[in-house]
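Here we start with a single chain on its own, the form predicted on its own, put down as structure tokens.
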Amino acid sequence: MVREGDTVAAGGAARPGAPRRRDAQRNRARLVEAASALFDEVGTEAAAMNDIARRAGVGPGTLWRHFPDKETLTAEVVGQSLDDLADLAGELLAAPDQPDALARWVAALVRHITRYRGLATSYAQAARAADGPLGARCRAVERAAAELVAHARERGEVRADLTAAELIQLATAVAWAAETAAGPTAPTRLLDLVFHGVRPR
């Protein structure tokens, strides 16, 4: 069947044309925008896929063709932020004399995870999974964390047995706790306790 925007090849076979590709790109962008807005309102766990499609003004079939499950959609929504975390790790490692580089990176990670309610749980589940689109993004973050932890160990700034996975688990726990805490400074306060402990200074 020839659809609007198709071109017809030799022999009469229809093939998608540029207009359909542009429509698909627009629909994908609208879905990501709608998901981000709904995540802002109700969180990642409470956001229903059909509600996202409705907000984007497309049918459920269009949504599922682009994003076969919520994890794939979530990975698309938060992907740039995760990529930025990996880039930040590289920038901090390129300037080795920066004080508190590891703490700054973990603070950025917590800000990312607390961007949407429920993302801490999604992130923790994806980090434990062997595959999946969000899990693949998590692997890149873990590699960035491993380089920062190794650098901090060499400088004697963290204990020798700290692992990148443990650091990310701490950041995820802080993000999860901050979701239920009162006040916008809760993540900063909890991170200060993580890095400096509860002993008097």
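In this text, residue numbers run from 1 along the sequence as written. Note that the structure is a prediction, hence the values are computed from the model and not measured.
Omitted here: the form predicted in complex with the DNA. The next part is about that form.
Novice: Given that the DNA is not shown alongside this chain, does residue 34 nevertheless sit within 4.5 Å of it in the predicted complex, heavy atom to heavy atom?
Specialist: Contact with the DNA, no.
Novice: With heavy atoms only and a cut-off of 4.5 Å, decide whether residue 62 touches the DNA in the predicted complex.
Specialist: Result yes; residue 62 sits at the interface with the DNA in the predicted complex.
Novice: Answer for residue 192 alone: is it within 4.5 Å of the DNA in the predicted complex, judged on heavy atom distances?
Specialist: It does not: once the DNA is placed as it appears in the predicted complex, residue 192 has no heavy atom within 4.5 Å of it.
Novice: Is there any non-hydrogen atom of residue 27 lying within 4.5 Å of the DNA in the predicted complex?
Specialist: Residue 27 belongs to the contact set for the DNA.
Novice: Within 4.5 Å of the DNA in the predicted complex, counting heavy atoms only, one of 53 to 61, 157 to 165, 136 to 144, 170 to 178 shows up; tell me which.
Specialist: Of the options, only 53 to 61 has residues within 4.5 Å of the partner.
Novice: At a 4.5 angstroms cut-off on non-hydrogen atoms, which residues of 34 to 54 are near the DNA in the predicted complex? List them in order.
Specialist: The stretch touches the partner through 47, 48, 49, 50.
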